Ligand code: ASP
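Below sits a lone chain in structure tokens, taken as the form predicted on its own.
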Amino acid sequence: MRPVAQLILRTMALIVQKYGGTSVGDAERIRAVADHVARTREAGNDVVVVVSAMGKFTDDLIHLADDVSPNRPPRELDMLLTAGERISMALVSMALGARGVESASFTGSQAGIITDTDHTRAKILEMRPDRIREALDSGLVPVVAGFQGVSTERDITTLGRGGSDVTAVALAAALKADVCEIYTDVTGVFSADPRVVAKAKRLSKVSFDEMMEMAATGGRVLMLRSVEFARRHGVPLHVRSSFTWEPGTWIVEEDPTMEEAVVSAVTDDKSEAKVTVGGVPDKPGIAAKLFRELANRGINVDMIVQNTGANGLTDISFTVAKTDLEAAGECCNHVKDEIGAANVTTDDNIGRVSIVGAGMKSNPGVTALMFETLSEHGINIEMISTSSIRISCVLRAEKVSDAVRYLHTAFGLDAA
């Protein structure tokens, strides 16, 4: 892996540029994207462009589907939603032509993105970018529709929310690109959500491990799957703004020669809810039955806490996405009698606050400072989860924003 400075200074042979919905939100923005792609080419680089649907077009299509029918067969929903990216790719290609840059647009299937058969949240199984390589060899700029592929059963599939990031990283890996640039409406990755913390500062560099933790705990700039893919295949990411074009944040391998900040960022997430299965027999196999039932229903569980048993009974609490709360509650009630639980309760008024930093591994006292800071401001902690570079706490939802600001200050992250 080349160091970041070397990547910045040298002329790069191949760059994959991904443009999000706000970046291609209207005709003016699309022309601005075409101008930037042209400038990148004029600097001597080959470019592959990946685009999302324009603005809120995907949401509009979902609302239209709801108006047409209460039932949305996943296969047909995928056929509908991929239309947004196809529109963007054609318009960007036209704008490049007007700028004098020869290009060709490709759907996900034409670009050789092969997925499994799980409609609306498919995973990439294989990349066959032969047509993209041929286009590059012919001097063209390939413009690829993000968020989509073709399944092993030859059906059109979508990769889930944020899937265009995954498309871009997968293409960069398959083509052995020097860098994958992610263009959005923010200037990079920040130490906290700037809408919550006015003094949040842009980070010039973040390790893959830190970015994965940030994406998993509420960081909204990059999709977790795209960071995992980039780390696995060694693809440097550069998050930039398509409104200012200034250098942004590099996501790269951790540099062992550099001393990391103790805490790099504070993230927040209010998209989860808590389920508690109370009065569970404290014996082997109970948790296994419970979480196997949830897994069989396709419900992803995040944080888990099992209380210390008393009188042979215990409580198990866990968090799920709010969109899965109803299904998770039904699932737990279905298995309640089988596992001998007394009750099932749900709570959708929670939020999570996390601190993330590679420097935490070698700095004692981080956990104590986090808990002391929350305690000093009267904020109660309901659940705790940790990794080597992350500490997460579940709080009341109304306390989350204040907690982020207090922790951001306590760990010295406020911009001067």
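Numbers for residues come from their place in the sequence shown, where the first is 1. Remember, predicted model here, so these are calculated numbers, not experimental data.
Omitted from view is the form predicted together with the ligand, to which the following refers.
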Exercise for the section: From the candidate stretches 378-386, 46-54, 25-33, 359-367, select the single one in contact with the ligand in the model of the complex, where contact means a heavy atom within 4.5 Å. Expected result: 46-54
Fill in the blank from the handout: Answer key, the ligand contact in the model of the complex at 4.5 Å (heavy atoms) among P281, G329, P74, G162: the residue is G162
Exercise for the section: Examine E85 and determine whether its closest non-hydrogen atom to the ligand in the model of the complex is within 4.5 angstroms. Expected result: yes
Exercise for the section: Indicate whether S354 is a 4.5 Å heavy atom neighbour of the ligand in the model of the complex. Expected result: no
Handout entry: Within 140-159, the residues that have a heavy atom no more than 4.5 Å from the ligand in the model of the complex
Key = F147
